[in-house]
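For reference, the chain that follows is the form predicted alone, supplied as structure tokens.
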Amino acid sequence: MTIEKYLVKKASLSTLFDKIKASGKTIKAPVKKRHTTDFAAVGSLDETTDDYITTAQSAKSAVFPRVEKLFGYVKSKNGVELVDYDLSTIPETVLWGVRPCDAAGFDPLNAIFNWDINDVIFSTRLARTTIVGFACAKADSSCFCTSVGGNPGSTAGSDLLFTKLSNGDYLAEIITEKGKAIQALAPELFEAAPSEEKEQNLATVEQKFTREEIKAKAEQYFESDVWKEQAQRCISCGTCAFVCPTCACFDIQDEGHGKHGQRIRIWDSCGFSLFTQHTSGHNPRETQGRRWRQRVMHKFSYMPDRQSVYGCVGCGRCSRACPADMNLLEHLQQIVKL
């Protein structure tokens, strides 16, 4: 649908929030707890914060939980009965306060989970999730969304995007039918579009390279020593994968308790030393340099080739969270210069 633009007064934002809550939807929004800000279930706008560049964790857990049951089973003398996941238990959820980089991450996730077959559980979660984005008014040195196809005011991935204007009111851009449904909860709050330009209220993020440049150089220098050099600091903790909006690696495990049990999937990382180890004991990526190369190649080469989408949105979380101070932006700039 064509993007529709409106003005929503600052004082009307809490009213809209209350209308969404009254509709029965679960709302998850950024909440500040001591020194971190993360998404959590909330009951009012007063519980949320807008004083953040990005949340510590991405919003992906709304559609790809850290631990998720796939099905259950019950053993009896007649055999094993499988119990399918009850899709009706997945709630209608509104993600409020999602930054454009996070919103852009849902497209790569969808491409991965529905690449060859439809992942019904993931697709149901995504279908029942509405993304209310808020454009970025500030950025830091780890942000590089403009280098990977995004920008601080991008509408990609959001159903409704708010941009804060100079007087404190908001430009509301309705992007999808889900966004339209949010507007329908309180149409009187959406007034004629403001004349103020959106761009003047956005953070400035300098473009350092293009994702196409990274793809070309990474493929050209596949056997370069740069991967080993960049990975020397890496301690294989997996933090970068767990905070990333687009990382979708998972392990599958069975948990049994007597005659009952379940199969679950849990987050995993290609940076872990056992991620590709074979039953024979052979590991085709036995060094951290090879595992680091796989991470970059997957996001900038394999995904665009296979799923026609890149696997990095430039949020900078991996660099901020890394305990060994590995900086993805710096590493990508080094690759471009090869």
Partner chain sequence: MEEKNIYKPYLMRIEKITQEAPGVKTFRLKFDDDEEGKNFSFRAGQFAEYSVIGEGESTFCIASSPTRFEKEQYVECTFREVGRVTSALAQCEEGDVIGFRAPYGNTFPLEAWKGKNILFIAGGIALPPMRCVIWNVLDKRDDFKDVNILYGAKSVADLVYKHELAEWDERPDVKLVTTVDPGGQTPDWKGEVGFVPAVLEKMAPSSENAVAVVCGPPVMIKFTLPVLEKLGFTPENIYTTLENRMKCGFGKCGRCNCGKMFVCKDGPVFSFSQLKDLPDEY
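Residue numbers count along the first chain shown, from 1. Note that the rigid core is defined as the largest set of C-alphas that superpose within 1.5 Å between two forms. The structure displayed is predicted, hence computed values, not measured ones.
Only in words, not in the display: the form predicted in complex with its partner chain, which the text now covers.
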Practice prompt. Tell me the stretch among 291 to 299, 44 to 52, 24 to 32, 308 to 316 that has any heavy atom within 4.5 angstroms of its partner chain in the predicted bound form.
Written response: 291 to 299
Worksheet item: its partner chain in the predicted bound form: within 4.5 Å of a heavy atom of each of Lys75, Asp84 and Asp119?
Response: yes
Worksheet item: Should Asp268 be classed as touching its partner chain in the predicted bound form when contacts are defined as heavy atoms within 4.5 Å?
Response: yes
Discussion item. Arg263 versus its partner chain, in the predicted bound form: is there a non-hydrogen atom within 4.5 Å?
Written reply: yes
Discussion item. Would you classify Val205 as touching its partner chain in the predicted bound form, given a 4.5 Å non-hydrogen atom cut-off?
Written reply: no
Worksheet item: For Thr93, is any heavy atom within 4.5 Å of its partner chain in the predicted bound form, or not?
Response: no
Worksheet, complete the sentence: From Glu212, Asp254, Glu197, Asp140: within 4.5 Å of its partner chain in the predicted bound form by heavy atoms is Asp254
Practice prompt. Would you kindly say which of Ala181, Ala186, Cys249, Ala193 lies with a heavy atom within 4.5 Å of its partner chain in the predicted bound form?
Written response: Cys249
Worksheet item: If you look in the predicted bound form, which residues in 131 to 159 sit within 4.5 Å of its partner chain (heavy atoms)?
Response: none
Worksheet item: 2 Å or more on the CA of Gly256 between the shown form and the other one, with the rigid core superposed, yes or no?
Response: yes
